[in-house]
Ligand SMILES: Cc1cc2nc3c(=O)[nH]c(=O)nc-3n(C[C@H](O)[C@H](O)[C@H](O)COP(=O)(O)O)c2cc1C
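Starting off, we have a lone chain in the form predicted alone, written out as structure tokens.
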């Protein structure tokens, strides 16, 4: 009776190992190919996976051949039952799990990407190549309008971590891609960088382009999902009396106009929120004003206390500054600090403080007393945007200056810092969702500042999260600058906010 199972396992072993050794398709290929489109089942990767699984099954059948011959019991009938059970055991413990999970694991390896010969094949494979981590929460319709050799219209729907592909036109797509079919095939196969092609205007993208930020990763099982953590709070931001803020003054030290400034993008939303809560706001673009540099003569501390020797616009601005309930300092990051214009403005605020030394009995800290204490306490908020994707080691100089202004200036209280990293890419269509997060956080912060006299750190944290890892940012930034290098001015090619 033992000859029957031995013969069966011998035949199975031979079938499992001989076919792949002879360069033929293994038996597992014929078992699994019906579940996939030809674009996948006829790929080298699919055949490679099945060859490996076939060899594993050959090993399992060889093991079963040995196990079925071992005598486990002196009784022939009992031994047959036990030996057959032992032979089946590795098939259930090893064979079935390997057949199910090995393909999933293998497709995550660097050499496992499937190449397609046509967009027809690529579209047919999309429903089977979803990376569920990246597809989680995605609910979009992407319309394709392809020209060239495979001209035609079709769309994919990504929802509930699944993908469907349909020929034709969708009534209300989330985003629409217009591209040459050969170009899009090259992008799909990884022969052309999609970001580079977009920046060089090789294809058009309309609608909500934010889906394109992770489009390739959604269909790449090798991609690993990485959460960009929010920065922990590292400063004790101040609060002032609830509903005290009625008058706000904004000092913008940037050089760019509103349509290009990412710092102003934040400030405008903060101001809009503050106005909606009932505050009056006055804004000054410092680069448009004639502000003399500080000579360091200390006349404002000695001969003419509180009055600068230079009779320029700063006389008015200092008065606006000190009478405001909330001051907004806005400056893009220039060489790890504020712009020269903003620094000159800050230098010229010296007359509002007195030269005397004020000792804090609690911590022994020395600061300057307020020259105009009758105006009471006031808050201030800082806004700054930078091209770097990191806050730390980039905003340190700017942070240090304004945090010192907070600690050394009686009655002046820093309520918040809004630092926008990776700011230059935020205008691109793929970052629409991040742009909306930033704008909403700034608007809500403006509302809260006026109504409650404080700003929750969650709003600052939302702004400071670049939502892109440094490697991806490096690639996108370098490709972007490569499109302008020696070719075109920044202000001509960059999308307007």
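Numbering follows the first chain given and starts at 1. Note that the coordinates shown come from a computational prediction; the quantities given were computed from them, not determined experimentally.
There is also a form predicted in complex with this ligand; it is not shown, and the following applies to it.
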(message) Looking at heavy atoms inside 4.5 Å, which stretch does this ligand contact in the predicted complex, given the options 182-190, 293-301, 423-431, 365-373?
(response) 423-431
(message) Against this ligand in the predicted complex, would residue 405 count as a contact residue? Criterion: heavy atoms within 4.5 Å.
(response) no
(request) State yes or no: in the predicted complex, is some non-hydrogen atom of residue 235 no more than 4.5 angstroms from a non-hydrogen atom of this ligand? (result) no
(message) So, residue 335 and this ligand: in the predicted complex, are they within 4.5 Å at any heavy atom pair?
(response) yes
(request) Report yes if any heavy atom of residue 328 sits within 4.5 Å of a heavy atom of this ligand in the predicted complex; otherwise report no. (result) no
(request) Let me know the one among 144, 134, 260, 203 whose heavy atoms come within 4.5 Å of this ligand in the predicted complex, would you? (result) 260
(request) Work out which of 159, 256, 170, 243 lies within 4.5 Å of this ligand in the predicted complex, going by heavy atoms. (result) 256
(request) Note that this ligand is not shown here; using its position in the predicted complex, name the residues of 373-393 with a heavy atom within 4.5 Å of it, in sequence order. (result) 385, 386, 387, 388
